[in-house]
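Below you'll find only one chain, the form predicted alone, shown as structure tokens.
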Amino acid sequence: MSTVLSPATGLSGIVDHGAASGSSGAPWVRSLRAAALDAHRELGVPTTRHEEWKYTPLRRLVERDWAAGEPGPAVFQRELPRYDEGSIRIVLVNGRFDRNLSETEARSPHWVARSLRDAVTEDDAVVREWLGQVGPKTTQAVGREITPDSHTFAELNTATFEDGLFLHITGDVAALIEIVHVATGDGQAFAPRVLVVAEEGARARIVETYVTDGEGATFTYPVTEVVVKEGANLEHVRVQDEGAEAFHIANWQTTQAAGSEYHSFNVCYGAGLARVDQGIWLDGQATVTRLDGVVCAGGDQHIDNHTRLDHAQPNSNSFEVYKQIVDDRATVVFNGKIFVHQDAQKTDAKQTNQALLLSPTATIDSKPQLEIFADDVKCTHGATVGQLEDLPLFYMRSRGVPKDQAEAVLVYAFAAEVLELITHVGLRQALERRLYEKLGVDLGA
């Protein structure tokens, strides 16, 4: 039985558009795009018979005829999120860098933000080195190997992206860097592409937010690549809060050099069907990694998160905590993999996945995985599923707290272990307020 859907799906128009537009640019760009297009065609669209997609059916996605996304409007129906008035704000509309809405003038010499299309056209040396090269496979440009872990939608993004963002961090950036992705239009598909390179000793805090504007179904299949060089320190928050009709399938890859720290937070509130594949490659000694997530799903939402941590060198530490809140008829999937490679002695890796079911019709599918090929390591993983406890709920209600607010406070306390680690106060508070909104609670009432 086939593990992929026929290529004659609703994605064929996007593929054809990518094939037509991928013949321009420098030779290395053409090779990158051609290899990605071939890989996507070989991989196809996975079905639930594919182990990595067992709990996330894509038939609703491929039954629609998606058009390659057009440039977005100049005026939006909604106010775009902003977490700090003093932040550096960069806006991508329908996958394209918007110069009018973005702040491209550096307030310090320690960062540069520019259109990825411009950087590719001008053959920027840093972009040429890293675009399409982040993650466990570092020879992706030509002749790439197709494995069970290959991500067909990341390949589709590489073959079809029109533009994106190149963020180059060379020193200590005090201001929060806000990257806002806006998707508009009905029946359109977008391929945002972000490349972040933090040079040796650089420090920054970044938040990527994905939202939709207006009504209608959109399909966003973004790729974010992050390079954290020796001694660099990045805090990276990803917020997916798209509309109920949206489809969102993302790939997020990071590579860390020796002595670096990377703290990532994956916050999933939106979309009707969403999946994020996140991989971090620890390619140096004395690296510190946090890979945390908060998921809040209700209605008929389906949210799937696959994480992968590769400890490739000795003396590295990683900590992963995922908190998932599932209500109504929603489904949440979590698959967390930790690989400790043969040379990665003295590894310390901890993974925790906890789910809170608020409805008898809610579903959680959890699959923690741990593969160790070294003998001097400390590794643990665990998964729990439960409901709100009666005793603290009774205690709060007996003191006059309304039932919905009491439940919301307890749910927040469950998620706070992750959200409280976000160091930017304004961002953390905004995500807390949004969590209460998802739970249907007005704290001002």
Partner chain sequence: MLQIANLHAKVAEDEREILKGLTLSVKPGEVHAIMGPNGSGKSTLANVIAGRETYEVTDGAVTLDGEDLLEMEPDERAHKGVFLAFQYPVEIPGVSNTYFLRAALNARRKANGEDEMDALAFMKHIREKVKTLGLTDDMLSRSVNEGFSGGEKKRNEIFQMAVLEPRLCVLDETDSGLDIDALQTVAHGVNALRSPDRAFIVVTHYQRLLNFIVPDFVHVLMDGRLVKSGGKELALELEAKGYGWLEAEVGATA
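For clarity, every value in this text was computed on a predicted model and none was experimentally measured. Numbering follows the first chain given and starts at 1.
The following text describes the form predicted in complex with its partner chain, which does not appear among the structures shown.
Exactly one residue in Ala383, Met396, Val377, Ala26 has a non-hydrogen atom within 4.5 Å of its partner chain in the model of the complex; which is it? When its partner chain is considered in the model of the complex, the option within 4.5 Å is Met396.
Picking from 29-37, 408-416, 61-69, 45-53, which part of the chain touches its partner chain in the model of the complex when contact means heavy atoms within 4.5 Å? Comparing against its partner chain in the model of the complex, the contact stretch is 408-416.
If you check in the model of the complex, is Pro392 within 4.5 Å of its partner chain, heavy atoms only? Pro392: contacts its partner chain in the model of the complex.
In the model of the complex, does Leu388 have a heavy atom within 4.5 Å of its partner chain? Contact with its partner chain, no.
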